[in-house]
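Read the single chain below, which is given as structure tokens and is the form predicted on its own.
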């Protein structure tokens, strides 16, 4: 009688003609990394193999091991049908289940973080960008945008950013730039705005009907004094008027973008945040609310850092006071805690660029492109990115060939 197989947790959540991806873990030994093989169920042919040791954000959110149990394999031959392959632990007889709605597209870009300008209308004291030397605003051209939009098929829904560091409404052609995106790809697009610039009603009507995946709105407080101190250069009454008009337009639209509210957490607003979360969820149409820590950049004023940054106990108290919404709707993002082995000095092997097919693109107004990959040292809540190359999107002749060529530089 054959011995019973050990139980393996996991699932296949991506499956295309090019690749298969998912995660697997031995619940009896979560520190181990499982070898796996991808098998054609009809012929028994091995189409790929590897070790399930890649970092995944969603595993961290769901507290599955140390979040480094993912796998991703390019197939040596396309499957005849989604059910024609299985992924199993090496030597096992049974395979992983397939998710109800597996991702069926090959989308190796985790995100494209683009900025169509290089300036902001505010000067918030906590901004991770140092605007001390910024005196003019530069605008992305139509040509550069057209080159950038070739990346759309290779990025996931909601992960093509029209703004990352700067305020996109400063660009005089923002709306026409979004209109350039083919309708079938609008669900991949979003941008972040501070709602501090006066905009006409037509802008909010357009925004509500744009077809974008979501809009991020920055808000630290409903208290005018706190809001204006944190959002330096903004006026609360203008923000409130813009916000009201946006919600009115969204209420009238058939399928408006989702609303994600983002607030940075400080001692000044920490007491307000639990109530703010409920208000945003129940009265201001929130799809998601995120309360985030601040990257401790050297240019942040020392006094601000000393008086406003929370300590570890403050973060614990805040978490205990937050209302009970699902974890994917209300996110508290404290500074990552040091973890064994994660914060140790990097060895030469650790400096290998990335895991295959998990890339982030950073694209500036002038087309400057920085490509990074996710390091295999990423663990828990800490994603480690390694820069692979710097170039210009205008110099890339074929986006698909460029992306395919990245894998040859992604070593372990």
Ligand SMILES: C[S@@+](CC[C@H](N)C(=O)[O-])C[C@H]1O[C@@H](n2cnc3c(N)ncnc32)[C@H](O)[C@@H]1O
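Computed from a prediction, not measured in an experiment: that's the story for all the values here. Numbering follows the first chain given and starts at 1.
This protein has a second form, the form predicted together with the named molecule, left out of what is shown; the following refers to that one.
Screening 123-131, 69-77, 148-156, 179-187 for residues having heavy atoms within 4.5 Å of the named molecule in the model of the complex returns a single hit, 123-131. For the three residues 164, 264 and 293, a heavy atom within 4.5 Å of the named molecule turns up in the model of the complex in every case.
Contact between residue 194 and the named molecule in the model of the complex is found at the 4.5 Å heavy atom cutoff.
In the model of the complex, the named molecule sits within 4.5 Å of a heavy atom of residue 218.
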